[in-house]
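Heads up, the chain below is alone and in the form predicted alone; it's given as structure tokens.
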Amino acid sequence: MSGKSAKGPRTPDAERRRAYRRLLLGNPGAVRRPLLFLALAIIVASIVSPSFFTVRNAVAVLTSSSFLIVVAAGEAFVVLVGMIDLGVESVFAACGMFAAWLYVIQRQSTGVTVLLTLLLGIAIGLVAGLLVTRARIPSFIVTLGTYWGFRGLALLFNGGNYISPNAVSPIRPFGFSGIAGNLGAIPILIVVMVGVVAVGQVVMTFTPFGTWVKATGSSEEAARAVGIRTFVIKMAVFSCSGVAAALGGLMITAWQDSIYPLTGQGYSLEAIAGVILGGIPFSGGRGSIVGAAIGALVIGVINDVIVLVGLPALYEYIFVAVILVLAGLQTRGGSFVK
């Protein structure tokens, strides 16, 4: 049997090409890769729609993308261990409905509403993590169940109708609507989004937990061999995804000043697409929260361009499909951008 690899010998030209790719794109999982995708998306958007490249539109894109970016940041933790969470959009909508139901219908205080909503997100993640680790059900199946179950739960609140401050008399404005306001000239939603991404990246880069997450994604057997309790790590990352989706639900409820049971449709696949586009492979083990956030922002840019050029919203699904293919190419082994 030949000692050469199945891909053939590495000639000087091939090595040179790999070196050029690494110089341009960085190592697999590096932030440089999603940044390149973002730059290309912005260039194309500016050509297609001259009104795109304005400060006002940039703020609008960041604000409208903040919900997806927060959800993608939570999803990134799950994908980093080599698993998937398909239920984030339903948790997103159900937690938003739960918060509105608590505050408007049940007339709870702002603090209680926010706390219980975030705790609900954490609890959902913990249950999903337990089913994956202890019942040994694949994450795809567990979170597909989460997707359908919490979509139904969102519909149960208020009989499938939306909830807004006008749902009761006298009107009861959301006590947490301040997060949809401004901090000077900057929307608070953007501040929250940046804070979530920054905290997530700090955790992944500078804490033992981040090292354990990547170790579990790289090789679960090796991680267990060195004493990492991988089942705890998996439960923790699902909790991160759950609380991020719950926070996103609170954010969009405040922004819309109402919440619908079907809010966030498509967010699960868009969040996953953003994560993969951000350089985190499905096998896990490498990548960053910042990269996932940039990947989600690319999707936000594309959605904004669809609106600016007047295309039907259905085109969003086509573009997301293209993004998923590109994301798969840029995280695969071998050629293209690796």
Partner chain sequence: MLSVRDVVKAFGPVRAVDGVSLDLFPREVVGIIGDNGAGKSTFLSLLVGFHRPDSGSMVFRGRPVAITSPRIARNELGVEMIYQNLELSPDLTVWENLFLGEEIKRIGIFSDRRRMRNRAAEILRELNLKIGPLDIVSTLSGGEKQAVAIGRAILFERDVVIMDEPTAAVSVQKVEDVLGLVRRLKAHGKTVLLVSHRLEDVLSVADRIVVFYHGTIRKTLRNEGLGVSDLVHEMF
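Model, not experiment: these values are computed from the prediction. Residue numbers count along the first chain shown, from 1.
Same protein, other form: the form predicted together with the partner chain, not shown, and the subject of what follows.
Heavy atoms within 4.5 Å of the partner chain in the predicted complex map, among the stretches 224-232, 176-184, 247-255, 84-92, onto 224-232 alone. Of the listed positions (Trp212, Phe157, Phe150, Tyr260), a single one reaches within 4.5 angstroms of the partner chain by any non-hydrogen atom in the predicted complex, namely Trp212. Among the residues Ser109, Thr205, Asn161, Gln106, the one placing a heavy atom within 4.5 Å of the partner chain in the predicted complex is Thr205.
The partner chain is not drawn, but in the predicted complex it has a heavy atom within 4.5 Å of Ser219.
Remark: Arg32 does not count among the residues lining the partner chain in the predicted complex, judged by a heavy atom distance of 4.5 Å or less.
At a distance threshold of 4.5 angstroms between non-hydrogen atoms, Gly300 is out of contact with the partner chain in the predicted complex. Of all the residues from 253-292, those having a non-hydrogen atom no more than 4.5 Å from the partner chain in the predicted complex are Gly284, Gly285, Arg286.
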